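The chain below stands alone and is given as structure tokens, in the form predicted on its own.
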Amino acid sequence: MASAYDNMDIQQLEYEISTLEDEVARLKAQNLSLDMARGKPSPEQVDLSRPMLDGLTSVSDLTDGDVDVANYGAPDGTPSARKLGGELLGVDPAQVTVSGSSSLSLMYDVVCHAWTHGVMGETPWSKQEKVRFLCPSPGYDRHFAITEHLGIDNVAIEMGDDGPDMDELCRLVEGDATVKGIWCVPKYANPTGVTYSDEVVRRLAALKPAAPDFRIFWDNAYAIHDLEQPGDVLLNIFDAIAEAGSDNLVYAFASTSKVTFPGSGMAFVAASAADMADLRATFAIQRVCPDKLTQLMHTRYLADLTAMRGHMARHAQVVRPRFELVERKLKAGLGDIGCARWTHPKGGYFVSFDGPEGSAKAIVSLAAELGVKMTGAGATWPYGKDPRDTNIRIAPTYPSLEELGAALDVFVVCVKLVSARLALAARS
């Protein structure tokens, strides 16, 4: 991307760099310690769920329908938790399992199920000569880590403004039987904030995979995480699959990790009836029953999707000013220079930032020297290898507004200095 630095002569660039280096020295002397590394809810967000803790006492009725919540049983979750998961993921509760507090753990379990026992009676992935997984990029580093950990070959697919590059995706999925899955964050994608268009969802639903054990891993982590109203609307993948006359194509995931308490909530997985029966055969060996007390506490506080949306509207009041601050700081500091671009999401947890080619590692490294911790450059691509070294994930939710403002001031100076140095190097 062309920038104001490209129009400066060498003397002007050297002066600009000297001025910015003085600013860096001033910031370094402040001994800052600020963290924008991960997308964690702020303490104010977590506190919104404190009333839920009062929902169960020593005299509470510990039943949910015909389930004794205080004892063994209900391995797929309480009836009310499965109902809530069905509303959240847009599927019949019978096709939902609720277990643990981390959807990422459920994703790992599902990948491991395919790895050790195979999908629906197919040869286990571990016994196949080659297994490949598609990774829309920039994307979620923890997704990529799961498949990389098992030795699965991660293949980057370019992300566009409406979802992954569907022409390339279809070519690979329908023409290569070694392609077994794709990671998707379909609403307010991590980190770009993109919501998949109806066309993209329908093309995914209409896939005719070369591999019978291919599955879409549909991580709808930000299904109700709107920053403004109206928020983005995501087409229901299960409805689209039914319309396409297909089945057994998607594993869908969600959780309450960024709704209530990140470390103590509910995680959901949903799939077709046949796929769920296949997964439950493995789950039955892994676990006797989930933490039903936590499920009961949640569903008595958030009984349905309407209640969850109301709760998330309160989250938005806390989070929205942080995203607005990111926009103001980046626009004021970098808008006239033209050396960077960034996303303007309507929900989710991240802003995706792109600097000049070859800049991301240097920017993140310099920010760390000045006391601002960010997600590692390259983390949004498989194996940490951003081919253009441009993308940086900004996670604004956890710091206070004051801390976030200070961190962004540092970040802007780092972007400007690295960009000016690159422009000077290009002249040389």
Ligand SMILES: Cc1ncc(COP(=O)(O)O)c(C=O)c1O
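Start at 1 and count along the sequence shown; that's the residue number. Note that this is a predicted model, so its numbers are computed, not measured.
This next part talks about the form predicted together with this ligand, which is not shown.
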For this session: Please run the contact check for F133 against this ligand in the predicted complex: heavy atoms, 4.5 angstroms, yes or no?
Result: no
For this session: Would you check, heavy atoms only and a 4.5 Å threshold, whether H113 touches this ligand in the predicted complex?
Result: no
For this session: Please check if R203 has a heavy atom lying within 4.5 Å of any heavy atom of this ligand in the predicted complex.
Result: no
Exercise. Should T78 be classed as touching this ligand in the predicted complex when contacts are defined as heavy atoms within 4.5 Å?
Worked result: no
For this session: Could you spot which one of T97, S257, S352, S272 gets a heavy atom to within 4.5 Å of this ligand in the predicted complex?
Result: S257
Problem set entry | Residue (of S102, T282, S197, S126) lying close to this ligand in the predicted complex, criterion heavy atoms within 4.5 Å | S102
For this session: Counting only non-hydrogen atoms, choose the one of 69-77, 167-175, 288-296, 185-193 that falls within 4.5 Å of this ligand in the predicted complex.
Result: 185-193
Problem set entry | Contacts with this ligand in the predicted complex - residues in 218-256 whose heavy atoms fall within 4.5 Å | D219, A221, Y222, S255
